[in-house]
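Read the single chain below, which is given as structure tokens and is the form predicted on its own.
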């Protein structure tokens, strides 16, 4: 499973990249609004940070013609390994077919049902992004929906993968990691939560104290 950062906060992205293996960054209009910068200024800085990793950027037009125009602009401005996020609605499916036909990478977004994802895959999308926690909030099982979409893609031999999004905790990500879905994107706080536990910190500190009791304060294996 690929792991991406769901953020447009350049400082937060830089911090995560320093410590964790990351396959790319996803953004959406709400995330860009939180960053509070001109969209392409933020996106180009992110692209420079992540190099050849994936960058997912959403079109905001209401009709297919506008989405296609935006998709072409996004791909041309941000270059290789950029994915244009298109909403999984009728106008979006039309746009997906056109953009995919031109060789532009498409990520189907705003996915709440397996059939949306199926249609997106049939339209040439490379990824479909189910909103796990938002599906939960509707009274359904978001993790199971992502698994069902994965199974649909596998059983129908489609060239589309799940890019699960909208997580409230690391447990949801773990369940999908165990299932072997294509990718998941999570906020920096969720990613850091993968290993943030008092028991882990306590165990590491105990080992350090025991070594210093043996070899002396401040000593390490490199200083002996």
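Residue numbers count along the first chain shown, from 1. As the structure is a computational prediction, the values presented were derived from the model and not from experiment.
FYI, the form predicted in complex with a small molecule isn't displayed, but the following is about it.
*Asks:* Can you confirm whether 118, 147 and 150, the three residues that make up this candidate site, all sit within 4.5 Å of the small molecule in the model of the complex, judged by heavy atoms?
*Replies:* Per the other structure, none of 118, 147 and 150 touch the small molecule.
*Asks:* Which residue, 54, 161, 166, 172, is the contact with the small molecule in the model of the complex, using a 4.5 Å heavy atom cutoff?
*Replies:* By the 4.5 Å heavy-atom cutoff, the listed residue in contact is 166.
*Asks:* Heavy atoms within 4.5 Å of the small molecule in the model of the complex: does residue 131 have any?
*Replies:* The answer is yes: residue 131 has a heavy atom within 4.5 Å of the small molecule.
*Asks:* Could you tell me if residue 88 has a non-hydrogen atom within 4.5 Å of the small molecule in the model of the complex?
*Replies:* The answer is no: residue 88 has no heavy atom within 4.5 Å of the small molecule.
*Asks:* Which among 90 to 98, 131 to 139, 118 to 126, 72 to 80 is in contact with the small molecule in the model of the complex, heavy atoms within 4.5 angstroms?
*Replies:* Selected stretch: 131 to 139.
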